Ligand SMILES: Cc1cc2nc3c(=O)[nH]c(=O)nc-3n(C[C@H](O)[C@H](O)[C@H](O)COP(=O)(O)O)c2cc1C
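Listed next as C-alpha cells is one chain, alone, in the form predicted alone.
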C-alpha cells in the first residue's frame, strides 16, 4: 500500500503506544518484520515550548524506518508549527492522535476529544498538510462514546483536510481498551473514504490478523498491545501471508534473548537506571504463558540492572527446562 508518496511493503505495522513503544521496542519489532512504526505521541505544545522530553520522543533511528512521528493537541496553528519543527527529525509521516482515551489527554481537548468536532479534525489536518512535505495521517476511534459513533464522519473530515491515510481503532473513547472491539466500523470507514484505511484493535495472533483483514477489507493492520512481550508476532503474520505457514512462538531461550536485546537497546538510549525501570513491565509481558508466570512477573518487577536482567533470564530458561518446557 501507499501512504501518500510513501510505499509500505508488508502486512502489519506497529501501532503507537505511549510509554511502551519506545525506540528500543520499535527496533525489535522492525527486526521481526513490522513494516511501519509510529513513535510515542508527542505534545505539540511541548515541542513549541522546547520541552526536553518532547524532543527526545521525536528521535527516530534509521533502523526503524519507515516511521511516523505522532503529535497530539487541539489547536491547528500550534499543531502545524509543531509539525514543522518535528520535520527536523526526518519523519516519513506525520500522524495526528485523535484517538487517545487517557483522561489527561482528553481533559486538554486532545486525543479522542477531537472526535467531538469533525470540523476541527479537518482543520488540524489541513493546517499540517500545508506546512510539511511528507504524508499526514490520523488515528481515530469508533467514536467518542456509545451515543456518538462517528468514525465515518471523522474519517471523511480528515480525508477532506488532505490526510493520506486513516487508522481506525474499533472502540469508543469510553470503552478505553475493554471488550468488545467493533471491526464493523473499520469496514464502514473503508467503504466511505478513498484513502487507505489501517485497521487496529485486538490483533493478538495470526488468526485475528487474518480475520481483521477479511472482515474489514482494510489496507493494512496496526498491531498494538498484541505485540507486547511478543514482537515475533510480526514475523508470524509475514510468514502466514507470504508462505501460508503458521510459525509457533519461539522457545523460551529465544524469548529471553529478544528481551535482553530490547533492554540493551533501551540502556544505550536512556541509561541503565531509567531503562531498567521501564523494562520491568516489558519483562513481565515476556513471561506470558510460561509456567509460574505470576511469580516470574513479580521477580521481573524488582530488576534494577542489566546484569540482574541477564541473570533473571538465565534462571527463567533453567526453570522452564526443569518443568519440561522447550528451552
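Residue numbers count along the first chain shown, from 1. Just so it is clear, the model here is predicted, and its values are computed rather than measured.
Unshown form predicted together with this ligand; subsequent notes refer to it.
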- Answer key: of 68, 279, 44, 41, within 4.5 Å of this ligand in the model of the complex (heavy atoms) is 41
- Query: Out of 123, 81, 116, 225, which one falls within 4.5 Å of this ligand in the model of the complex, going by heavy atoms?
  - Reply: 225
- Query: Using heavy atoms and a 4.5 Å limit, would one call residue 201 a contact residue for this ligand in the model of the complex?
  - Reply: yes
- Item | Heavy atom of residue 17 within 4.5 Å of this ligand in the model of the complex | yes
- Message: in the model of the complex, does residue 169 come within 4.5 Å of this ligand, counting heavy atoms only?
- Response: yes
- Looking in the model of the complex, any heavy atom of residue 216 within 4.5 Å of this ligand? no
- Exactly one stretch in 187-195, 239-247, 201-209, 148-156 has heavy atoms within 4.5 Å of this ligand in the model of the complex; which is it? 201-209
- Of the residues spanning 129-162, the ones with some heavy atom within 4.5 Å of this ligand in the model of the complex are 139
